[in-house]
Structures are given as C-alpha cells and as structure tokens.
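Here's a solo chain for you in structure tokens, the form predicted on its own.
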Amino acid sequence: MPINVKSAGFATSIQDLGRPGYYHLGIPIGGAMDRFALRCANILVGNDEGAAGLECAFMGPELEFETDCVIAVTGAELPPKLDGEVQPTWTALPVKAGQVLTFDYLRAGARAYIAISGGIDVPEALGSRSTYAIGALGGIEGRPVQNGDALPIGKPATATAGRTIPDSLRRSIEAPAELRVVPGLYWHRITDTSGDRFFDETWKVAPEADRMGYRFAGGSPLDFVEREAPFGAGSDPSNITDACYPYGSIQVPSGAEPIILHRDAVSGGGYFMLGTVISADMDLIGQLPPNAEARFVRVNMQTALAARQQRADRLNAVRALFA
C-alpha cells in the first residue's frame, strides 16, 4: 500500500546512499546530503542502512499512510506530527493506516530525513533510487516529490517502535560551524597572506546553497599570485586548465566567494580548487541553512583520517544500540 503525498513540502526528494562508480562519466554519487542521518533513520525502523527515504529541506511534507508502518525522522530538528500531535525526532514512531504525518516549524539544521519501514520502493537507476533531478535519474520519473504522488513501500522487516538514539550520538551544530579543510594542489595560486586570511575570517552560507554546492559569503576576496595563464585556461586568475573535482572541493570563482561542491556536483571544470572539505564534515554542510556562520579550519591528512574514524565509531555505536 502506498503513501500519499498531500503536500510535497520544500525540495523533498527520494534519496538513499547514492550511486558510486559513475563520477568519471559525469554522474555524481548523489544520495543523502547527511548520510549519517539517513543511516540512523533506517536503523531505527529496521531497514538496511542504504534503503531509500525522503530528504526534505527547511519544511516537511504532508503524508497520508494507507498501511501500518514504523517511521523515523532524523537530521534537522524538524519535529514530526501525527494527526497534529508532536512526536520526537530520532525515534521509531508507530503509524496506523489512515494517519497523516505533518511537521512543526524548523528548530535547528536544514535537512530532515524520513525513513519508513520497508523503504521507498521506486525502481533503481544505475543501482540507486536516489533522485538526481538534473540528470533525470532515480526517484519518481527522475524528479523531486510532487503533490499527489503515491510513494510505493517495500516489504518491511521487523521494526520496533519506541527505539531512540540518545542525544550523545546525535551531532550538534555549533555556531559558527567549523569545516575542516585540507589545502589542495592549487594552493600556490594564492598569496600566503590571502590564504591565512581565508582561515581567519568568519563566513556565512549564501542563499545559493543546494545539493550541487554551497556558496559562502562575507569574507575577503583572495589575492592571486601573478602568472601567465596556461594554454587552455581562461584569463581570470581563478581559471585553470580543466581538471577533475573531488567531492567537497572548494572553488572560488574570481577569488570572491567560495563554493563547496556537494553530492550532486559536476565532476570537473576550469576553476581552481583552494582545498577540500574532509569527508567527516560533508554531512554537516548539508545541515547549514542560509546565513549560518562557518569558519574554515586548516588540517592535514592525518587529522582528516582520524576524523573519518571518529565518524565511523559514532555510527558503530548507533548500530550497537540495536544489535
């Protein structure tokens, strides 16, 4: 029995953990911007961690259930309501056929994840159900969720209502947020003074922040080292001969406003990369709303690997709660 979408909310899409293996062809990994939150939601309702759920930004959808199930809402603090009664986040909630899920106003964060026991069972595209709207892949006909959609649900495994993830295992968002960065191959393109200033200043998330990338504003423009533009590069000092872009890479077109490439980003182009946000902090970026303050913190590869291990340890602690 499907779930009926009475109102789609804002930027609501079907997402799982993405479609790795096609980035060299220009198809990004996609998937949930906050992978930890989606994994936790699926764990709570007894799904495989990579099952497809809903990602919504800033406001939630209105869903009518035609069958009994268990749901969980994680990520942003966007309190769910069943038939108007506010329910806790990061908790497995029982839902009866005929009940309607809505949401209270956003308290913290930017993106919430809704997992449903059984997962959303739309067809896979290149091994994933994730919506990649620009490429018209995954989801429902390759597009975000719309009013009137019926979301098919898979056969649920055993799900225990009432399970919850304690606050100590949920990541809090500090202000300003700290985004750790490993300087990149093109660091030499800017002056030392300019590079130090980039890390010293506080930036704000600009309105142009979505699944492709997050723009930051409010800091000082970068100063470039003079050069003779190489063959194939544009005349702007931020241009390079086309190169591959890693996830989390920081472009600064014309040296003005940094852009962090995220899950649906392009795989290459002609802007230099200041550095790369470490993998452990990519989920955090997806929880920053416009005007949120952030600081960039210079780290080395050793610190990046240690942070990745800490993230894995946190997820293992969540798994252990329900093993």
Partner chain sequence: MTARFSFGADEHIFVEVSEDMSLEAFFTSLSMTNAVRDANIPGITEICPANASFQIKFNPDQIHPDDLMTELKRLEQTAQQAEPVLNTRIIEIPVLYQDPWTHETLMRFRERHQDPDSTDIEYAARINGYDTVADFIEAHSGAPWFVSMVGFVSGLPFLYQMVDRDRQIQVPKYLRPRTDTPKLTVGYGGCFSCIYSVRGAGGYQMFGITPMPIYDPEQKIGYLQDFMVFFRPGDIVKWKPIDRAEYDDCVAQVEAGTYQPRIREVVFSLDEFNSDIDATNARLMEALNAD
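Residue numbers count along the first chain shown, from 1. The model shown is predicted, which means the values in this text are computed figures rather than measured ones.
This next part talks about the form predicted in complex with its partner chain, which is not shown.
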property	result
Contacting member of Val86, Ala243, Ala97, Ala157, with respect to its partner chain in the predicted complex [4.5 Å, heavy atom]	Ala243
The single option of Asn239, Thr102, Thr91, Ser194 touching its partner chain in the predicted complex, heavy atom within 4.5 Å	Asn239
Among 198-206, 68-76, 149-157, 185-193, the region lying within 4.5 Å of its partner chain in the predicted complex by heavy atom distance	185-193
Partner contact for Tyr132 in the predicted complex: its partner chain, 4.5 angstroms, heavy atom	yes
Its partner chain contact at Gln287 in the predicted complex, heavy atom, 4.5 Å	no
In the predicted complex, Val266 touching its partner chain (heavy atom, 4.5 Å)	yes
Non-hydrogen atom contact Gly46 with its partner chain in the predicted complex at 4.5 angstroms	no
Those residues of 278-307 which, in the predicted complex, come within 4.5 Å of its partner chain by heavy atom	Ile278, Ser279, Met301, Ala304, Leu305
